[in-house]
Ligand code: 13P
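First comes one chain, alone, set out as structure tokens in the form predicted on its own.
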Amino acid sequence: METADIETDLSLFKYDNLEQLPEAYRGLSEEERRDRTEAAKDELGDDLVILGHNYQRREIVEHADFIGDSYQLSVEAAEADAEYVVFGGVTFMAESADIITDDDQTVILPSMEASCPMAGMAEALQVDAAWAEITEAAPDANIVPITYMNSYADLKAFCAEQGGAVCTSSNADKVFEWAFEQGDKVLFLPDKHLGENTAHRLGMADSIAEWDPWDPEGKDAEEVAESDIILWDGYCQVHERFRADHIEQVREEYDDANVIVHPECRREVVEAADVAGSTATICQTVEDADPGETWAIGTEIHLTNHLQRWHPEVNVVPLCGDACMDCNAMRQIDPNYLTWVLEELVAGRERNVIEVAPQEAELADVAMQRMLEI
């Protein structure tokens, strides 16, 4: 099947050139690994930039030249103009970096297994089939597809060709407003919780329907197409774990607790929190907090751990205590993988290169540029 006039494949099979960690690197001690990683960085110098997503563990971000959100990191890589971009993140992030960096920059993903589950919940092949059903059910409607940045390049390309755009958790409401200026309805994917929270923010909570590609007994296309906002049934496995009773518990434990959560959380969690925002917003909120304030953080546990180290004057606590878990996909960027790919670069060998096909990259870039123009 073709998506956006380009050949596509399931994400699990898209990068069959990625390699596993050699046996010789699996038993490195933390001290040895740190020393060898820094030595490789020194050898590569300005030819290298290392990106560390906020959800990466300490042993990765301590070597990163830039730490932050996925798209922000890709922009930093493009501006750095380094020959090699090593992305401590997941596959779709490395794809975005490859799309917006120059052709003479090589993007490397240290681990072959760092693939975001939420991005995999909206494969372009599935979206093709759903798009055909929904548009057939509403032939007179102009449906504008919007995909969250947390999606694969072929899905971004699909949205571009169908007149849609990309959004981030920070600008989803603005992109939704733009989409309704272009057409009658929005298909938002893959994160239904971000979509629902955005609809509420725009006062369109009564205009939502959910498309479940996994349930043959679910709502039919005609019923779904009656709504103005169609949400794909995808979600972040980390953020969906948070519950409103976690907020109740943290307020009982800390009388003065402030709660900030990511908008990928369930609607009832966002409603119960004091603030909802992207990881950049979460970081800025803690940075701006007064000494002694308590902030409970509803996002991936490693960012909470970073904020505790970076801002010891603020009482930063995980929203769900010991129940908070890390992102399994981010966890695949084992620090030993970082040492390996860097030492291979020193030796003149490129491992685990992420390269988006030219036509797919061109279309995906159109979708991202539309976001920036809004």
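So that there is no doubt, residue numbering starts at 1 and follows the sequence shown. These numbers come from a predicted model, not from an experiment.
The protein also exists as the form predicted together with ligand 13P; that form is not presented, and the subsequent description refers to it.
Figure note: of the listed segments 261 to 269, 75 to 83, 289 to 297, 94 to 102, the one touching ligand 13P in the predicted complex, with heavy atoms no more than 4.5 Å away, is 261 to 269. Looking at ligand 13P in the predicted complex, residues 147, 192 and 228 place no heavy atom within 4.5 Å of it.
Checking 169, 304, 106, 285 for any heavy atom within 4.5 Å of ligand 13P in the predicted complex turns up a single hit: 169. In the predicted complex, ligand 13P sits within 4.5 Å of a heavy atom of residue 239. Taking non-hydrogen atoms only, residue 69 approaches ligand 13P to within 4.5 angstroms in the predicted complex. Using a 4.5 Å cutoff between non-hydrogen atoms, residue 55 counts as a contact of ligand 13P in the predicted complex.
Within 4.5 Å of some heavy atom of ligand 13P in the predicted complex lies at least one heavy atom of residue 278.
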